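In structure tokens, the next block holds one chain alone, the form predicted alone.
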């Protein structure tokens, strides 16, 4: 009889000592710029020795719109009184704008299921690529301060102080040539011929690829798109250097020879805008894919070689 009473007392003491499992979750920020990341902080308080698992371990998303970009390892803290606290973080990312209600975090202990409290909401703010016109505004052709020089390019009016010495040097060289011609002592000079647009662009792209591993995302995409802008300028006569991405795409869609690769160019320009102005960090595979699309665009749009004339002897 005494043994039975002692056993019941020990059982009651153990039961009284056991505590509930408490699960909490909170976001670093309730608003998120599209493509950026935020952290979901998770805390579990439970008795020591309790074995449980989170349901998100088996998934890569919290919902259809919100992805789990990473699951860093957690840590455990001793709370004394036979209790412990487990901390976990989830790195969340979303690529579609909107207001999303996140499902509660679920923690399973044996046959019991514990969920976090009130559902959390995450507002994803869109990035308007077309608004980049405000970042690089095109100056009107007839600005008041340039009204007497409308026929001149804007860059020439703006940087006249740098162009003037070059013009003077050219004028001096032409004067020297004229004097030599007049005296009958012309010395011919070799003039370096510029490569055709396609060959020049491909050489520049291969030079970029050789330095790809040493370049940051913003620098890489800036140099890549600069090569394409110069190529489009020389190949199609479109002043792409002074245009935004949206203007370049609009002008090229009017040309039949570029329709086969319009989608590839769109992907390059959109990725570059996201990296340069929205702070998106591309993966190494994304950089390689963008480079290959740029090469394909140049290869497909390069002029066909002129047929050779003459007959074999």
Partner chain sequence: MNETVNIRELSDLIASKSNIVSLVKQGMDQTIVGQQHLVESLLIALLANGHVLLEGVPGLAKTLAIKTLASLIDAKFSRIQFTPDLLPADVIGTMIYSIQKERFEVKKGPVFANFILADEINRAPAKVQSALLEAMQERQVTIGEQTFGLDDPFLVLATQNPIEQEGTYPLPEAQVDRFLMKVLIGYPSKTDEAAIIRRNIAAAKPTVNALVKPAELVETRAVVNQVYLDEKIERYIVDIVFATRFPQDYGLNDLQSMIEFGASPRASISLAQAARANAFLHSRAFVIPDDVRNVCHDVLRHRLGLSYEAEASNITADEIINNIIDKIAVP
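Residue numbers count along the first chain shown, from 1. Everything numeric here is computed off the predicted structure, so don't read it as measured data.
Note that the form predicted in complex with the partner chain isn't included here; everything after this is about it.
task: Could you check which residue among 114, 79, 154, 241 gets a heavy atom within 4.5 Å of the partner chain in the predicted complex?
output: Contact with the partner chain in the predicted complex is made by 241 alone.
query: in the predicted complex, does residue 286 have a heavy atom within 4.5 Å of the partner chain?
result: Residue-level check for residue 286: yes, a contact with the partner chain.
- prompt: Does the partner chain come within 4.5 Å of any heavy atom of residue 62 in the predicted complex?
  reply: Output for residue 62 is no: heavy atoms all beyond 4.5 Å of the partner chain.
query: Can you check whether residue 71 is within 4.5 Å of the partner chain in the predicted complex, heavy atom basis?
result: The answer is no: residue 71 has no heavy atom within 4.5 Å of the partner chain.
query: Applying a 4.5 Å heavy atom distance criterion, does residue 88 contact the partner chain in the predicted complex?
result: No - in the predicted complex, heavy atoms of residue 88 and the partner chain never come within 4.5 Å of each other.
- prompt: Which of these stretches, 23-31, 267-275, 36-44, 51-59, has heavy atoms within 4.5 Å of the partner chain in the predicted complex?
  reply: Result of the contact check: 267-275.
query: Looking at the partner chain in the predicted complex, which residues in 199-219 have at least one heavy atom within 4.5 Å of it?
result: Heavy-atom contacts within 4.5 Å come from 218 alone.
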